[in-house]
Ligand code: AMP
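Below you'll find only one chain, the form predicted on its own, shown as structure tokens.
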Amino acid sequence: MNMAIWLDRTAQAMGDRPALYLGPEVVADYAAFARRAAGLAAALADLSVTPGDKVGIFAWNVPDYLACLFGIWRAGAVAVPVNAKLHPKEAAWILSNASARLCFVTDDLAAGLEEESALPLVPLQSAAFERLCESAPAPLVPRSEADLAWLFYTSGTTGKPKGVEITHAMLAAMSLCYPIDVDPVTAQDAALYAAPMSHGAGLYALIHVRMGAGHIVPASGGFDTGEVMDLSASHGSTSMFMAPTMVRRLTDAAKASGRRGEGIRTIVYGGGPMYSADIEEAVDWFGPKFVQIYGQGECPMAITSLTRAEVADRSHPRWRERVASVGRAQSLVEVAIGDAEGQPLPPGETGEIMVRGAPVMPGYWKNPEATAKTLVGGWLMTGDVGRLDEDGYLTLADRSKDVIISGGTNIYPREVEEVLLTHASVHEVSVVGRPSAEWGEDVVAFVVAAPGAEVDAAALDAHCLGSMARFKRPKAYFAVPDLPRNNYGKVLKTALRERLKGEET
């Protein structure tokens, strides 16, 4: 089934419902939204885009981002959304690797991409784009469940990004898990796109389209804490996806201004480690508005979830362990922990997280070697390390490449980071391994101090010794003004390890 049919069905049933917003202003109802996507699909066919062809989107968040996605799918083509924060060289590489036929761009990104790529570009918010949308509507091109809908390129922190093949069936499975495992959606709700629509926020658009909810794009096109709170208070019943760093920033801004997140119904967080101290503080301030999901591009948004009740619960005897977890398997996947040979381990044992089910990718685009390493025996080998408890709650340790081996013992940086973050002087922290002639690796911590505080190594050392085994505590603490991050907000531990090169151990 072509997932663009969901827009058609919603337009038929509730065409006069407000659909697309720019800031607080409605710019299209569902009937107009569907007409724009259908016109765009016809224009793509006129531009010689055929079913299965790839079409890029290198754009900041704008309302017509959704018209592009649904227009591309309606034409039977494959969307290749590219993070707008990437350098034009990086974007050009992705579009070339995908064999894209053309690319939709926002004006401020067009010039840079033109210097790096000969690909035809179609500027959004232009007269030319309007003419495309006004084309006579094209019929929906049939697609099978196995046909590609989206090429999602991984962040590529350890090499060139890989293109994850996301099929129409995967989008359907992910979308249907959302109201079951994450949060119900109604036509009175609205999705607010504070995070890039090229990633998780855009993926969640599908279920909100199917249910006739609104789609609010901030006028800034990005994440401004004050704007997010203003728009939520104005519309009411807003839901949004946020990376953990965004939740941290929103909490800090809300506490500074005395605002309690009026109008925010749900914040789904994921895409990186959410530390217990941060989510506990956010729930204490905003109330039970948070749901956690764990997923990867290879199984988008759909591995596990921790419900709002579980995130907010303080009565269960093991509530702290559960808040520190990423929840339980979503409805359409199986989750297991494997040993070095991929054999399932019993509850409580730590190993690689393995997933199988309807939302799992068929492979990487034009990369059979990486596919063979990642899809093994019917399982997606996530590269993440974790453990399952007897109740099915999954707790992440780290990426396998980030595990520190000191004196032959595995030390998981996240465990150390969780302890350090409970100290009042620590605002952010990242723990990595430093080469050691004696131990193989030493644990070291890069610490961003809380406002008005200083990094006191002796105090942090005492704090660690009071909470965990001596061998796990950092051997050194480095005060830094901030932590290096990639364009997706994830801390670049590779960059921190580079800083350590040449140090005496």
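In this text the structure is predicted, and so the values were computed from the model without any measurement. Note that residue numbering follows the sequence shown and begins at 1.
Separately, the form predicted in complex with adenosine monophosphate exists; it is not shown, and the next lines address it.
K.L.:
Of the options I293, L151, M197, I267, which one has a non-hydrogen atom that comes within 4.5 Å of adenosine monophosphate in the predicted bound form?
P.N.:
None of the other options qualify; the answer is I293.
K.L.:
Work out which of G297, G357, G351, G76 lies within 4.5 Å of adenosine monophosphate in the predicted bound form, going by heavy atoms.
P.N.:
Exactly one listed residue reaches within 4.5 Å, namely G297.
K.L.:
Applying a 4.5 Å heavy atom distance criterion, does R399 contact adenosine monophosphate in the predicted bound form?
P.N.:
Yes, contact at 4.5 Å.
K.L.:
Is G272 one of the residues lying within 4.5 Å of adenosine monophosphate in the predicted bound form, judged by heavy atom distances?
P.N.:
Although adenosine monophosphate is absent here, G272 would touch it in the predicted bound form, with heavy atoms inside 4.5 Å.
K.L.:
Is the gap between D384 and adenosine monophosphate in the predicted bound form 4.5 Å or less for some heavy atom pair?
P.N.:
Close contact exists here: in the predicted bound form, D384 approaches adenosine monophosphate to within 4.5 Å, heavy atoms only.
K.L.:
Hey, in the predicted bound form, does R497 get a heavy atom within 4.5 angstroms of adenosine monophosphate?
P.N.:
R497 lies outside the contact set for adenosine monophosphate.
K.L.:
If contact means a heavy atom within 4.5 Å, which one of 179 to 187, 105 to 113, 297 to 305, 341 to 349 is the stretch that engages adenosine monophosphate in the predicted bound form?
P.N.:
Comparing against adenosine monophosphate in the predicted bound form, the contact stretch is 297 to 305.
K.L.:
Taking only heavy atoms into account, state which residues of 310 to 332 are within 4.5 Å of adenosine monophosphate in the predicted bound form, ordered by sequence.
P.N.:
Heavy-atom contacts to adenosine monophosphate in the predicted bound form: only V326.
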